[in-house]
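Shown next as structure tokens: one chain only, the form predicted alone.
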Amino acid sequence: MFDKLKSALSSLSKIATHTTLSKEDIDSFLWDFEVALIEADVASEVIESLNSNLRAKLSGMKIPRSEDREKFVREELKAAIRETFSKTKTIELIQIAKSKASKNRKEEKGPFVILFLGINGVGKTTTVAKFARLMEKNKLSVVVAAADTHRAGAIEQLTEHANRLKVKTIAQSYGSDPAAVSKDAQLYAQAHGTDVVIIDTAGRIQTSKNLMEEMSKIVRVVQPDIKIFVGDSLAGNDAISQAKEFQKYTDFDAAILTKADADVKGGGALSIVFITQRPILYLGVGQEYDDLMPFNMEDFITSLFEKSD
């Protein structure tokens, strides 16, 4: 899945030509590593941190004569990448949703609310449908809110998905207040004992202050249990700048990367986690409703090094 990084890391692991890594070895390695990460769409802040981390670890380090040199460098690279992901907290989304649903059934409180946000074209509405499917597979009832009242056809698109999944849609007319639509869905779920509300929102261009403030209004009115940023794996550094801006206005809790089944480079996942300090929950790996793969840090790191391993 991440061929660009796999190829680069495979070749870079061969720089350990001496038992003790010299300054020249490290300088050469870090230069090549930086170029490879730039080509893989890793953000500059991430590159700087990884390089600093690796320089500190490798400087003057002695490699045991019995140790495979390539394997040694590869393990140091893995450790540096693992450290980036370890800074985020783990979110067991299904477990949290089930826990709240159980309490709601006993105490007749509000549903578990998931708010999706991101720009147009990243596959947000399809991801909402996939999540509705995921919740129902886990025995949680769902209602979806068509809070994208701007894009032509958005309400019909979500309604079509919901009808296929036999899920209730809450919608108003185009031009309606998205916060009001979201609140309607929340109240409907509370009145009907529905476990989960999933809110689909308009694709905000991150440079549009008015639209971003509208998103902030939805957050204030609905107070969702979790806010999920949806990014496009193919967008490279654009996805990173989008994540920064959405975090500024919404302080989102986690991310999903779509189109991860395509030939992506892997830098977006590293960068979004590093810059936002938020975990990636799932990867979208196709257009079917079940094409949602839980993101696993160790599996991701292993995939980067498959070729060299």
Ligand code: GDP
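The first residue of the shown sequence is 1; numbering continues from there. Computed from a predicted model, the values in this text were never measured in an experiment.
Keep in mind the form predicted together with ligand GDP is missing from the figure; the text below concerns it.
### Query
Just one of 81-89, 123-131, 171-179, 219-227 has heavy atoms within 4.5 Å of ligand GDP in the model of the complex; which?
Heavy-atom contact with the partner occurs in 123-131.
### Query
P279: heavy atom within 4.5 Å of ligand GDP in the model of the complex?
No, P279 stays farther than 4.5 Å from ligand GDP in the model of the complex.
### Query
Is there a heavy atom of I119 lying 4.5 Å or less from a heavy atom of ligand GDP in the model of the complex?
Yes, I119 is a contact residue.
### Query
Does N104 reach ligand GDP in the model of the complex if we count a contact as any heavy atom within 4.5 Å?
Judged by the heavy-atom cut-off of 4.5 Å, N104 is well away from ligand GDP in the model of the complex.
### Query
Does the 4.5 Å heavy atom contact test between D32 and ligand GDP in the model of the complex come out positive?
Contact with ligand GDP, no.
### in the model of the complex, the one of E39, D261, E45, E245 near ligand GDP [non-hydrogen atom within 4.5 angstroms]
Looking at E39, D261, E45, E245 one by one, just D261 meets the 4.5 Å heavy-atom criterion.
### Query
Which of Q186, Q157, T194, T149 has a heavy atom within 4.5 Å of ligand GDP in the model of the complex?
Answer to the contact question: Q157.
### Task
Quick one: name the residues from 72-102 with any non-hydrogen atom within 4.5 angstroms of ligand GDP in the model of the complex.
Counting only heavy atoms within 4.5 Å of ligand GDP in the model of the complex, no residue of 72-102 makes contact.
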